[in-house]
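Next up: just one chain, as structure tokens, the form predicted alone.
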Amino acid sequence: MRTVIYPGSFDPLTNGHLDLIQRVVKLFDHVIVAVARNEGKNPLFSLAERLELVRVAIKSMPKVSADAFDGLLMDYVEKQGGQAVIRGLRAVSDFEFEFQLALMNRKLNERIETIFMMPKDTYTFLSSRVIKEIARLGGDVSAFVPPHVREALTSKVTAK
């Protein structure tokens, strides 16, 4: 079974993330959406909340599962028996950062490949950071995230 890991903070999960998942599932037998602890980013949602938002979004995708991880990505991929890591690229600025990570990951474990995928053009401008800012300012994010994520986001930003 060919397994790919899609790591990220997913704070929150966006339609761009889901687009990538729906396309990569055609290439692999199993996709694990791996929600990173990554407290250094000061996430809006807790790890448990982010994991649950992902699980709800992928529940109708039989070849996709969600999990949380902490520590080195390559250790996690190895533990899961993964062959590759998928990373989304929205712009050239993403590439430079992701390329450096991919090279470092290759040094850590050359067996595991990194695959870059671009989202549909309608999602290239999406980022979790921008979506959180729109929500904080009272804007409508319903075109950018699944309905359950919009509800959680609205609830979270109005509670602050």
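The first residue of the sequence shown is number 1, and the count goes up from there. Fair warning: this is a prediction, and the values are worked out from it, not measured in the lab.
The discussion below concerns the form predicted in complex with a small molecule, not included here.
- Only one of 58-66, 102-110, 24-32, 116-124 lies within 4.5 Å of the small molecule in the predicted bound form by heavy atoms, and it is 116-124.
- Taken together, the three residues Phe45, Arg136 and Ala152 all stay farther than 4.5 Å from the small molecule in the predicted bound form, as judged by their closest heavy atom.
- When the small molecule is considered in the predicted bound form, Lys41 lines it closely, a heavy atom lying within 4.5 Å.
- The small molecule in the predicted bound form comes within 4.5 Å of a heavy atom belonging to Asp94.
- In the predicted bound form, the small molecule sits beyond 4.5 Å of every heavy atom of Pro146.
- At a distance threshold of 4.5 angstroms between non-hydrogen atoms, Glu52 is out of contact with the small molecule in the predicted bound form.
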